[in-house]
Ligand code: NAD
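What follows is a single chain, given as structure tokens, in the form predicted on its own.
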């Protein structure tokens, strides 16, 4: 009797880092459920390219949408073994330009980057507990350094990293919870961020830019570490050492 494939839900997986994570997990033998919001065509196209994958358009910042996302994933695949909470937003705003950050931006960043992972984790909890599964959060080195695309973004990622530790303690032993903390990763969103690109290549120990596949490989590796929970793994080419 064959064992059904493990199922991983990857939020924010229509493009960039999330899409690379979905492809890497699929290559590692996982059945993948993709998610995005406002980019349904790209998400559906990626799902069509990964045999057995599904796509759900849902806004993880809305509790009802997060519950629907989990429900439709379980309905389609029959189980849920892992969640990669990758959905997030960023906008480049100099940290000293306090007046450029309005209340609407604060609220949006916190809703998507911090409340979103909470919403999905809470909705997925019973399914993950039944599978003795796991959650991987996408944080950022901006969550523990005085850096990042904006102050609200960095604060949201600091919250994600602490949420990781809190959930690891609260949900164990049934569910493991870990986080990755990327540094500069070249995506369509970050490609124009100069002079940060030059700084990374010139000064980070790895002497190159990060790419989404670097993060995806770290996620796959971390998900295989069964005695690790509450951990934060930097994926930054040593950038946070500077």
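Positions refer to the first chain, counted from 1. None of the values given here were measured: they were computed from a predicted structure.
Although not depicted, the form predicted together with this ligand is the subject of the following passage.
Every residue of the trio 60, 185 and 189 has some heavy atom no more than 4.5 Å from this ligand in the model of the complex. Considering this ligand in the model of the complex, the lone stretch of 72-80, 166-174, 135-143, 98-106 in range is 135-143 [heavy atom distance within 4.5 Å].
Shown without its partner, this chain lists 131, 155, 93, 112 as candidates; in the model of the complex, only 112 has a non-hydrogen atom within 4.5 angstroms of this ligand. Within this chain, residue 87 lines the site of this ligand in the model of the complex, having a heavy atom no more than 4.5 Å away.
Among residues of the shown chain, residue 17 is one whose heavy atoms approach this ligand to within 4.5 Å in the model of the complex. Among residues of the shown chain, residue 31 is not one whose heavy atoms approach this ligand to within 4.5 Å in the model of the complex. Within this chain, residue 39 lines the site of this ligand in the model of the complex, having a heavy atom no more than 4.5 Å away. Looking at 221-242, no residue comes within 4.5 Å of this ligand in the model of the complex, counting any heavy atom.
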